[in-house]
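As structure tokens, one chain now follows by itself in the form predicted alone.
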Amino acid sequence: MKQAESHVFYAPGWHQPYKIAERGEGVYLYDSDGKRYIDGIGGTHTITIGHGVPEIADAMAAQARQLCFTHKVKFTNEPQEQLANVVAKMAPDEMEHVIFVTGGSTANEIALQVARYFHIEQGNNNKYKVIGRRHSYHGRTNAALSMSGSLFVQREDMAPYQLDFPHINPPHCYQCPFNLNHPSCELACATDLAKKIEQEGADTIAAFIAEPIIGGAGSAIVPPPGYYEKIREICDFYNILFIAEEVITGFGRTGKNFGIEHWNTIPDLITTAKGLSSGYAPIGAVIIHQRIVNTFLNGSRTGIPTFFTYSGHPISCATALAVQNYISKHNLIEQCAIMGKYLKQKLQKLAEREFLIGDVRGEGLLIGLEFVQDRKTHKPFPRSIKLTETIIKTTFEQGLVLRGRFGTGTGKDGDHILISPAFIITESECDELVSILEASIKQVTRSLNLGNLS
């Protein structure tokens, strides 16, 4: 659609036309011209069970007929209670209480507030800062942007409204910001947290927030073994809460219930959203460790205002409940692990044929590709050629929806894409995805005259 024909303000880009997505079926999208696309990013790393599942639509309609909305302070509702039971059973040990919110940004916002209230309750009124990581993204609210460290969010534009939160280097082994190698590095990326705490003053730090596997901003950067165990140790030593930001990785995306389960670590708070409802309704959640709940229950407050108008919305909760029941019924988290392994192997084979691909990484169906000029040195492409944008545009024209970002380590140069289809993807659909991607990379290599780099 041409923007001149629409009353929608297309904030992401007002100088481009937009295709109208008319319907979805499984892992495919169809636009109003009838063209079919493989939804290679599941919306935006959101759709897990695929488009057009009738059981979910039926559950939404049934709840809408029965109860659409309630007063948060006076009532709970049955879908919210049932969903909380399911989430508590899926979460790590002793993480048995849930605050439902409206999405990922609000989940991270509320987690920050819970951490602040927790420390005040303990008498540590000066603890308010949250340490984030470079190469991270936590949402569009001001607090979430303050915690984010990604280069693409243009934080400087919102600087007058930002909280001055510190950031540490990412655990990006392929482009190590410390120029070290694992395991001889002795987890310098983790001990960087202790250095930052000492620099800022431990009495000012409330929490550390990190995606277990860095998703959209880093394209599936997987920290090395032992990383989160060391992070947990540091947080405990300095009395700092660890927030596992699982907006993308939660509810099966990495082949486990939660991404943090790939390490022997239990966080204090988990924030999550996308996979909770598979995109069928807006909802997010903050999952809280029992020791934090006990602090509040034994404290001086009768409650904390950690809710929004649509928190615990009956239709959203009923939708998410139906999605999680569907996932369990069809063993889709196990299927995600199986298909993730298959797709990753196909992409590794592609990397052997295409010299631009330097790294293939990720877990489950959260897989990233990083493009480099030189595989030996891992030298990235300069930002000026916009390699990521060109590849994404080309795959879209060829019928494959992907998403990518720029920047490696601490710099803006470098290009990577993230692949995160629905858990129901088949081997033949994976093959189709890789085939389109390969043809697109070859076309871009020619159009940008990159062949002389091989």
Ligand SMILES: Cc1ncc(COP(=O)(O)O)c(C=O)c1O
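The first residue of the shown sequence is 1; numbering continues from there. These numbers were taken from a predicted model, which means no experiment stands behind them.
What comes next is about the form predicted in complex with the ligand, which is not displayed.
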{"query": "Residue stretch of 135-143, 222-230, 345-353, 328-336 approaching the ligand in the predicted bound form, non-hydrogen atom distance within 4.5 Å", "finding": "135-143"}
{"query": "Heavy atom distance at most 4.5 Å to the ligand in the predicted bound form, all of 70, 313 and 316", "finding": "no"}
{"query": "Contact label in the predicted bound form: residue 279 to the ligand, heavy atom within 4.5 Å", "finding": "no"}
{"query": "Contact test in the predicted bound form: residue 380 vs the ligand, heavy atoms, 4.5 Å", "finding": "no"}
{"query": "Touches the ligand in the predicted bound form: residue 247 (any heavy atom, 4.5 Å)", "finding": "yes"}
{"query": "Exercise: residue 127 in contact with the ligand in the predicted bound form, heavy atom 4.5 Å", "finding": "no"}
{"query": "Contact residue in the predicted bound form, chosen from 340, 267, 103, 79 - any heavy atom within 4.5 Å of the ligand", "finding": "103"}
{"query": "Partner contacts in the predicted bound form for 362-378 (non-hydrogen atom within 4.5 angstroms of the ligand)", "finding": "none"}
